[in-house]
Each structure stands twice: as C-alpha cells, then as structure tokens.
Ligand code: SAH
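Quick heads-up: it's one chain on its own, the form predicted on its own, in structure tokens.
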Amino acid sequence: MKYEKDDSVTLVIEDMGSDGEGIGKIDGFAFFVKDALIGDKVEAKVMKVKKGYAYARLMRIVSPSPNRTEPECPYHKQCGGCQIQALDYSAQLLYKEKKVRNNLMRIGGFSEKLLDSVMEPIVGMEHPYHYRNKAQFPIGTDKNGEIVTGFYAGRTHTIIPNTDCVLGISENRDILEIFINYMKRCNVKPYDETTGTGLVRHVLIRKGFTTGEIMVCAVINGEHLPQEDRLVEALRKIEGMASISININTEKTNVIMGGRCRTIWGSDTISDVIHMRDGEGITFAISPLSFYQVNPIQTERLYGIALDYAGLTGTETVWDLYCGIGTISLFMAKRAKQVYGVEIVEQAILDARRNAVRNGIDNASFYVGKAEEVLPGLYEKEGIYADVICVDPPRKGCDSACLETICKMMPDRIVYVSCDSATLARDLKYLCANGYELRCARAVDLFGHTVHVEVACCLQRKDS
C-alpha cells in the first residue's frame, strides 16, 4: 500500500529509534512516531513519506504500553530535553542498553556471542531526577513581549517557559526569577537572534554537589550589564552563591558561550569533589567555560569503571586524550606512574594544571592542542610511549589520525569512554582491525529521561 501525507494509521509500537521515537510497522513499512513507546497501540497521522518509511504524529493512544508512566514534568512533550520521560525508568535502561548493543553489532560488526561475554549490565541511577549540576537557560520574549526563560522546544529555538526543570537543581527557579525581575526593573532587553539586537542571551547556572557552591553566569551581547550591582545584591542572597560572572558573546551565532568571562562578584570558579571508590576525593575548580560532567554521582561510577578497565598497578604511563579539565587524568594519576593529558581548549588545560596542583598531584602533565597533532609529535619526536591510552572524545568520536597514532604506539590497553555509541562502534571497529580486541564494555546512565547514554570500554592488545 502506498501512504500519503495526512493518512491515518493504527500502529502497535514494536521498537524505539535512536532519538526515542516509537517505531511501528504495517506490512514491513515503518512509521516513526514521536512520543510513542514500545507496547503502545496508537492512532497516528502521516506527516512525511520517504522510501521505505514515514514520519507520523501521535494523535491518540488506543491502549498504553505497560511501561508508560506519568511524567513529573508537565512540559515534557513540548520541551526538547527529555525525550523518554513517559517511559518507566527501568524500561529506559533496557532501551539504552539495547541501543548500545545494536550499534556495536550493526556499526562495529561485533558478534552477539562476543557482546554476551564482554558487556556488563548498565549502571542506572537510584534517583533519576534533579541530577544535573549545570543548566543553560535561553532568555527571550513570548508572543506578548514578556520576558521568558526555559528550554527550547525540540528542534526549534522557541522557548518553552519553565524555571523549574525536574532534572535540575532546586535553586534554578529562584535564580531565574531574580534574573527576570532584574531585567524588568532595569529595562534590560533579551537578545533577539533574528535581528542581533538586545543584551541577555542565556543564563548559565552550575552547582558543586559536594561543596554546595553555586555559580551564575550571564551570557550577554555586550561588555556590561546595566546596574549590575542590583543583580548581584539579589543573587548573593541565594544560599551557596559563590560566583557571579558575565560571559561576552557578541557574535551572531547559535553558539551559547563566548570566549571571554568577567567575574562581577565572588570567585572566578566554584569547586566540586569527585570521589574514587576507596573514598579518596579529587577537588576540581570549575569555571563558566569548563567542561565538567553534568551528573556528578554517575560520573564517579563511570570514572570508577574506567579506572578498573585501565588495570593500573603504579608502574604505567598513561595518555588521556580529550582530557578536559583533567577529571579522568587525575583519577588515573592516583594509580599510575605518569599521566599525560591532551586537550584543544587552552582554558581547560590551565584548569587541569591548577587542579593537579590543588590536589598535590605531580605526576600529571598537560598539553594544549588537537590530540591527533600533539600525540604523533610527542611519540615520534620525543619517544614518549604509553602503556594505557584513555580517550573520552566529543560526540563525533576520535579523529582518524588520532586512531592511527594510537595503533602505532601499541599500548597494552585502551580505555574508551564515549557519549555516542554510534561513533564509539565505528572507532572500535577500526581499533579491533588493527591489533586490539574488545574485552569489556558497560553503559552508564548519566542522562536519565533522555536518549543519551555513556559507555566505557576496555580494549586489549592481541599480542600482549
């Protein structure tokens, strides 16, 4: 049967796609339906037809999935943040585990038998709400011209007003209300993406879960906030407030943060502590521009797994590529002879070096640059080798030149931490075709109610 736009179909949802959309089939023809869950029977309206599949809009749930639950957030369907909040949390974990496994088989070419032997159960959260230590809230206006903040609707830049996200910290609401009240009183205009006019673009809020320290950073289309002392006076009353700053971003771009920050009250950074499994803590200084995992509780578990996979005895030289502010590097330094970290963001490397000094760690050195450029240079020119290489790349995965150099260096083990199991599978396929074998893999849920999942893997050199 040939389907056309606006056709109505009744579907039993049998699977879910990588973005959390439900998938139902009629005579082998697949329909992708946003907000539909495995086990739902739904009525849907066809919106776009492609060769072999179509996109459809959920019109009515005929009978709900046994795994369907009532979301805590009333905006979950509109907001682009939580794609699967209507799915019971235990079912979310099964979905994420299956997603990782399918990518490793389909893209990586790993057999089901191998994955049965190397994959460990996913590590879920005990409390999958209010886990985010960071949020970036866009500032704009509604159709009546009133100042609003919240989150963008999925695949748009339309703001869904919401100052109390169920994934964020409780202080977000009070901070955002203070900010909006300040803007109204002082006649401060939100930034308009279309015209490039207006001042306030975003408000960044971070909290150290261990220390309780809070940072607020206003991202502005200019150099100064008018009457900023009035804003400071109100914000500093929030319990735990430790840093208030301005980030200057005058570019006409969708990139949230600019390159310059100016502290207007308190410290330039806040601190937080990540604990190792033996209870020992490593303290990190976090600036507005620092990359720092948004779920500190699950980060401890993820890095604990990575440390186990590294198998360190105190005699190893470790390279940590895409090291950020040195989180994994300093974990590894506690168990290794020497650690070298590489990161392209200069500010992150400065933070990493300070974090090493702050924690009394003198066996970790950090280099600014692209991993695919720094690593070959140090290996080929200076002969610096590696027993273990750890990589934690961005969503696009490792650069091909970086992978080639890793294989030339022939470390005994490679620990790969990934935020995208598709690019992970692609890179593992290359590594396993060039002298390595997959020994361990484990997913860790850092992003409950979203489709995202972290994975840690261990690869061993075949001849070691």
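A residue's number is simply how far along the shown sequence it sits, counting from 1. Everything numeric in this text was worked out from a predicted model, so none of it was measured.
The protein also exists as the form predicted in complex with the ligand; that form is not presented, and the subsequent description refers to it.
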query	finding
H157, heavy atom within 4.5 angstroms of the ligand in the predicted complex	no
T327, heavy atom within 4.5 angstroms of the ligand in the predicted complex	yes
Partner proximity in the predicted complex: F137 to the ligand, non-hydrogen atom cutoff 4.5 Å	no
In the predicted complex, F291 touching the ligand (heavy atom, 4.5 Å)	yes
Candidate stretches 387-395, 259-267, 233-241, 217-225 - the one whose heavy atoms come within 4.5 Å of the ligand in the predicted complex	387-395
Listed residue (E300, E213, D174, E372) with a non-hydrogen atom within 4.5 angstroms of the ligand in the predicted complex	E372
Of Y322, Y309, F179, Y340, the one that lies within 4.5 Å of the ligand in the predicted complex (heavy atoms)	Y322
